[in-house]
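A single chain comes next, written as structure tokens; it is the form predicted on its own.
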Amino acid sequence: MKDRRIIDAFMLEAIAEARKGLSEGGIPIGSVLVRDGKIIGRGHNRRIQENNTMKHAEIDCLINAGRVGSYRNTVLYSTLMPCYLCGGAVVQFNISKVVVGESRTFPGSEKFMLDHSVEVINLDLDECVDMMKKFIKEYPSLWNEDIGK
């Protein structure tokens, strides 16, 4: 791991989800949902694996969390800045905080979430950047399809 900053356990779990997605032949983006210091949902981008355009990591994570009542005191961790689809879900469900691995490879919906009172923390982790850069270089058409280009 190139990045020597201390990464909290929840981001490490999101990174593990991203690696799992990559090992399945998918796009390496992972996410976990945390409440009261416990993971209550986890997921990774499954667009390719399930041939489902809506299966972004954050959406997969929320689906896997199931019905949790209020999301107001939850934190969503994602290895990549959420896109507008996923940022919209964050705003819709009043998730109060999003911790992101990086936004250098994709700027996503940070301003949108901030404009809707979501706290966004961007860790700017080299590990997350390197994972995405490698994937984008090796599979540009899959990446462009994922971001709607």
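Residue numbers run from 1 along the displayed sequence. What you are looking at is a predicted structure, and each value in this text was computed from that prediction instead of being measured.
Note that the form predicted together with another copy of the chain isn't included here; everything after this is about it.
Listed stretches are 96-104, 117-125, 49-57, 34-42; the contact stretch with another copy of the chain in the predicted bound form is 49-57, by a heavy atom cutoff of 4.5 Å. At the 4.5 Å threshold, heavy atoms of Asp8 stay clear of another copy of the chain in the predicted bound form, well away from it. Looking at Gly88, you'd find a heavy atom of it within 4.5 angstroms of another copy of the chain in the predicted bound form. Residues of 56-72 that come within 4.5 Å of another copy of the chain in the predicted bound form, judged by any heavy atom, are His56, Ile59, Leu62, Ile63, Gly66, Arg67, Tyr71 in sequence order.
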